[in-house]
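In the form predicted on its own, a lone chain appears below as structure tokens.
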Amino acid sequence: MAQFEYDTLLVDTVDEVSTITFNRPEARNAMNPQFHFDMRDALKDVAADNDTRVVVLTGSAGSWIAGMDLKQFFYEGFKNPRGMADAGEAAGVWNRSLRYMPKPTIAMVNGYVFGAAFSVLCACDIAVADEEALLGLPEINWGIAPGGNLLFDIPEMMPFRDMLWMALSGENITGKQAADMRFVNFAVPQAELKNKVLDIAENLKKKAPEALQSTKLGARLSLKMDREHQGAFIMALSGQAGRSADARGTGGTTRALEQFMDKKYRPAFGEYDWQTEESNPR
């Protein structure tokens, strides 16, 4: 991947895994206007990058994202309403880009996750947290309700009663508690966090890209559909994946079925070989 520079982010690609590191350590990586512009551009860059198969999001200096930067985004934003509107628009664009990124995304949660950071976490496909990470919805403590799409996004990932307790009490939870609530997939000791995430990324890299994309888009977009529309949509996505270059076989069926019939793999214990020259033009 070509190296790009951003004011508030670090982006590094190693072995087809691009890591976006939130890098405002002086503010615990709170999201200021420039952060939103940088994230909008960085996600476009990694989505278009042929050397990126998996995207990891993490934070610098022991924090993931400590919510919105109250001073730069809100207090100073009231003095510059056009700038605040532009930053808000960029925030909406990149959050949607992250949610529907054609490549799988992993949140490597290594510290504070407050307020609007929950929306970022919900937009990631998989989440692994440091057991001692601290997560909370503090808005109630300063007299407002959680903003944006938080009250819509969070119940998609966390039991409603747990979300409501957090939003009403303003109390924080640890990464371990977040895993118990199923808000994150796993919680591990800090020393094991990076290796756990890289193990997951290595597994995802073995899967066919078209199948990964169809699976995550099917799960995300069909969530609010009725049963009839959901079924038709999933079938269309599956058919599209089955006709892709990664899946196409030579005998009128899929490469995976051909390999299964040749006893080259068992679906429940590994993936078919899609990474051949004819099936993987990359």
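We number the residues from 1 along the sequence you see. Everything numeric in this text was worked out from a predicted model, so none of it was measured.
Not on display, but discussed next: the form predicted in complex with acetyl coenzyme *A (ACO).
Exercise for review: Could you tell me which of 139-147, 186-194, 124-132, 87-95 sits within 4.5 Å of acetyl coenzyme *A (ACO) in the predicted complex, going by non-hydrogen atoms?
Suggested key: Contact criterion met by 139-147 only.
Exercise for review: Please run the contact check for V46 against acetyl coenzyme *A (ACO) in the predicted complex: heavy atoms, 4.5 angstroms, yes or no?
Suggested key: Flag for V46 set to no.
Check your understanding: Is there a heavy atom of A107 lying 4.5 Å or less from a heavy atom of acetyl coenzyme *A (ACO) in the predicted complex?
Key -> No, A107 stays farther than 4.5 Å from acetyl coenzyme *A (ACO) in the predicted complex.
Review point. Are any of the heavy atoms in D69 no more than 4.5 Å from a heavy atom of acetyl coenzyme *A (ACO) in the predicted complex?
Key: D69: contacts acetyl coenzyme *A (ACO) in the predicted complex.
**Study point:** Distance check, F74 to acetyl coenzyme *A (ACO) in the predicted complex, heavy atom within 4.5 Å
**Key:** F74 belongs to the contact set for acetyl coenzyme *A (ACO).
Review point. Among A178, A116, A208, M163, which has any heavy atom within 4.5 Å of acetyl coenzyme *A (ACO) in the predicted complex?
Key: It is A116 that has a heavy atom within 4.5 Å of the partner.
Exercise for review: State yes only if every one of Y6, D12 and M39 has a non-hydrogen atom within 4.5 Å of acetyl coenzyme *A (ACO) in the predicted complex; otherwise state no.
Suggested key: No, none of the three is in contact.
Practice item. Heavy atoms within 4.5 Å of acetyl coenzyme *A (ACO) in the predicted complex is the criterion; list the residues of 5-42 that meet it. Key: Heavy-atom contacts to acetyl coenzyme *A (ACO) in the predicted complex: E26, A27, R28, A30.
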